[in-house]
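The chain below stands alone and is given as C-alpha cells, in the form predicted alone.
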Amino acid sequence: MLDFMVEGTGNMKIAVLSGKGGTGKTLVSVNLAAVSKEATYIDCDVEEANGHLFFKPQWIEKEDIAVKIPQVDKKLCDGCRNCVNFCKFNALVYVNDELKIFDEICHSCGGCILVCPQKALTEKDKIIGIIKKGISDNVTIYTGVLNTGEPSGVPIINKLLSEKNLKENKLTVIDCPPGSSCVVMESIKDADYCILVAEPTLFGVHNLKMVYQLVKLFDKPFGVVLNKCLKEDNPAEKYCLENDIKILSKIPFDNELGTLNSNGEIVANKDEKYKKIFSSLLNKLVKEVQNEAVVNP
C-alpha cells in the first residue's frame, strides 16, 4: 500500500463526483481509500449510501442527527401571522384560529421564532437520520443515512465533514452524492481536489458537463477519471481534450472488474493490475494537490 503522506500535503481531502449514479464514483472512491496507507472514507450519498458494502466495516459508533423545528404554545399564540408571513417555504399556516406547523417542509431556519412577538414559538429536535462510524483495515468509514421522506441531507453531510472526523496528515476521500444539487455543493466546498468520473457515451458527456460547471463555479482544482473505456471513440475523452480538461486515469471496460465490483469487492485488493490503476491515480492526485499548493499557497 502507498504512503501518500508527502511533506506539505497536510490533510488532503479528495471529493469524487459524477453527474449521475452508476458511473463508477464509488468504485473510484473506495479503491483510492483502500490503496492508501491510512485513509478516511466519507460517504455523503446519504440517500443511498453503499460504500460500506465494499468495506464491510466493524461499526463502532452510531449517532442520531437532528434538526430544530418550531413548536407552538397555543396559549401564547394570538394569531398575528408574523411567522406565517415570514416563512417562504409555507411550513406554517394559521387556520381555524390555530397555528399549524408542517415539519416535513420546515427548513429549520429559526426565523419564525425570531419574528413571533408573543414568544409563542420554541424549538424542538427532530431526528432526520444517523451517522455511523466503522473500521476496515486501514480505512475509517463514516456513513450518513437520511430518513425516508426528509427534504434535505445537508445537516447530515455537514456533520459527516466536521473537523473531528478528519485526521491530520491523512487522506480523506469524500464520496459525493450524484448530480450537482445543494448536497453535492456541501460535499465539495472544503475539498482540496475534485475527481469527476465520466462514462464513454454522449449521455456521459452531458453528465460530465454538469459537474464540470459546478467545480468551475466553486473554483476547485479538478481532473477527470474516464471509466468503462472501450477501444472505440470515447465522446467523454474527446470533450476533455477539446476543453483542456486533465484526464487523470482511464479505467477499461472489464468483465472481471465489473463482476468483482458488483459483488461488493474492492478490486484493488483482489488483483495487482487494478491496484496499479488506483495507486497510480493516487500518486497523480498527490502531485496535483502539491502543485496547486505551490501555485495558490
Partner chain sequence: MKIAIPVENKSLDSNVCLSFGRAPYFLFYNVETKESNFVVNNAAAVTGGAGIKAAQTIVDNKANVLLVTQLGENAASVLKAADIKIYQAKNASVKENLDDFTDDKLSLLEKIHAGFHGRRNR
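The shown structure was predicted, so the numbers you read here are calculated from the model rather than taken from an experiment. Numbering follows the first chain given and starts at 1.
There is another form of the same protein, the form predicted together with the partner chain; it is not shown, and what comes next is about it.
Taking the partner from elsewhere, residue 104 is found to have a heavy atom lying within 4.5 Å of the partner chain in the predicted complex.
Not displayed here, the partner chain is approached by residue 181 to within 4.5 Å at the level of heavy atoms in the predicted complex. The closest heavy atom approach of residue 120 to the partner chain in the predicted complex falls outside 4.5 Å. In the predicted complex, the partner chain sits within 4.5 Å of a heavy atom of residue 94. The partner is absent here, but in the predicted complex a heavy atom of 81, alone among 133, 81, 159, 220, sits within 4.5 Å of the partner chain. Checking 88, 124, 74, 164 for any heavy atom within 4.5 Å of the partner chain in the predicted complex turns up a single hit: 88. Only one segment in the set 239-247, 26-34, 56-64, 40-48 has any non-hydrogen atom within 4.5 angstroms of the partner chain in the predicted complex, and it is 40-48. The partner is not shown here, and in the predicted complex the stretch 238-271 never reaches within 4.5 angstroms of the partner chain through any heavy atom.
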